[in-house]
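As structure tokens, one chain now follows by itself in the form predicted alone.
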Amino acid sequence: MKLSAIFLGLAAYVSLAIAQSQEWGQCGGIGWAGSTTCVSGTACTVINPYYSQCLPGTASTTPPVITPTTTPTTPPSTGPTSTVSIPPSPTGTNSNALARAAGKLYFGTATDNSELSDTAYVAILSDNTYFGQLSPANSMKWDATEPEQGVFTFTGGDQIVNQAKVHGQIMRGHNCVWYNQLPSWVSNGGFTAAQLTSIIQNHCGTLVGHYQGQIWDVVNEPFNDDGTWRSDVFYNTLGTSYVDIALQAARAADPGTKIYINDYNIEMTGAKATSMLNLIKNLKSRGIPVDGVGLQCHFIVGEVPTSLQSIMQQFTALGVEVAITELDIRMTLPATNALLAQQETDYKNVISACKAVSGCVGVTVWDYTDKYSWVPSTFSGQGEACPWDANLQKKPAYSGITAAWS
């Protein structure tokens, strides 16, 4: 054989190898325009309608054909269709047991991976009479789950999911689309609208598809405090349609999950709450799936809004459920007996508002202990925001919580 022929053959082989998706790379899905074949030793495997991946196994040359769904002329029902598994109700007088006895799905807490090495902390976290639900503080955010385009890692999220499963606790996924904690390839990618649409679909679909059967904060913090849309890579490229794209991708990936929009400062009457109410009305009128609204409730001692219960009722009147998703009530340090007493009253009032609204399904504190609170590093001179202190001892705030559920 002539050398030229050999070189031509090698060139063709190299071109084919380059054209194929590498192991763990994307090879198909709605909107995917790249290679649909995988390198030898891997198979193109459907993860969800928006994402197929080259996984180790028998090679496949053609991924399954996935046909995008079309928007129906008549909007379908978009009420909660979740198949989230609800553990049996625990008994006793602790916070989650009392919440369940009051007809709610859970009283829960956020946690983070670094905290799971703290034995004393984990002992309380694992007690489902205290906590019936967990939220990952960071390990399911975009920078943690897709640090490079198409390269997903679930190690951190899986650790917290396993912690919840072992102890009969519900998981809340947090979050799919948020302006913060984005890898630079997303925030500085300079993508077209079509490209970013596909990226959102791939990310949300893969994330929700991996963590089946739970609750998801799909869209996080879309509004500024004045009720205008937040300027970020998603809104600046796609306008408000990015919300539709994310919600639809989540629903397609797991029809059984509960999908939420989550934000702060929507707990009181005002421009931001009005914008969220209008968004929910708009989504429902167009048949875009949305099951719930998360009210974060990062409050200051003595400043819990008196309109909290009314706002929750306004949301549930639109056909969605609500949840208090990130509750803490901070104070200016040092803590005093008077401040701790007011904090007890404030926690009691927040829980009472949820208890009074049938569509409020549960309350999550943004970590249960001051030892791991985000507040001191974010708000200078403030802290003591949680119902357990830094020594893992219950504060008067915890008594406010249990009194309200009782």
Ligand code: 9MR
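Numbers for residues come from their place in the sequence shown, where the first is 1. Just so you know, these numbers come straight off a predicted model, no measurement behind them.
The same protein also has a form predicted together with the named molecule, omitted here; what follows describes it.
Report the residue, out of Ser241, Thr228, Ser85, Asn180, that has at least one non-hydrogen atom within 4.5 angstroms of the named molecule in the model of the complex. Contact check passes for Asn180.
Looking at Asn265, Asn220, Thr197, Gln309 here, can you tell me which has any non-hydrogen atom within 4.5 angstroms of the named molecule in the model of the complex? Filtering the options by heavy-atom distance leaves Asn220.
Choose one stretch from 271-279, 316-324, 98-106, 138-146: the one whose residues place a heavy atom within 4.5 angstroms of the named molecule in the model of the complex. Going by heavy atoms within 4.5 Å, the stretch is 138-146.
Consider Arg172 of the chain shown here, and say whether it contacts the named molecule in the model of the complex, taking contact as heavy atoms within 4.5 Å. Contact check for Arg172: no, nothing within 4.5 Å of the named molecule in the model of the complex.
Taking heavy atoms only, is His298 within 4.5 angstroms of the named molecule in the model of the complex? Contact with the named molecule, yes.
Even though the chain is shown alone, can you say which residues of 363-388 have a heavy atom within 4.5 Å of the named molecule in the model of the complex? Read in sequence order, the residues that approach the named molecule (within 4.5 Å, in the model of the complex) are Trp366, Trp374.
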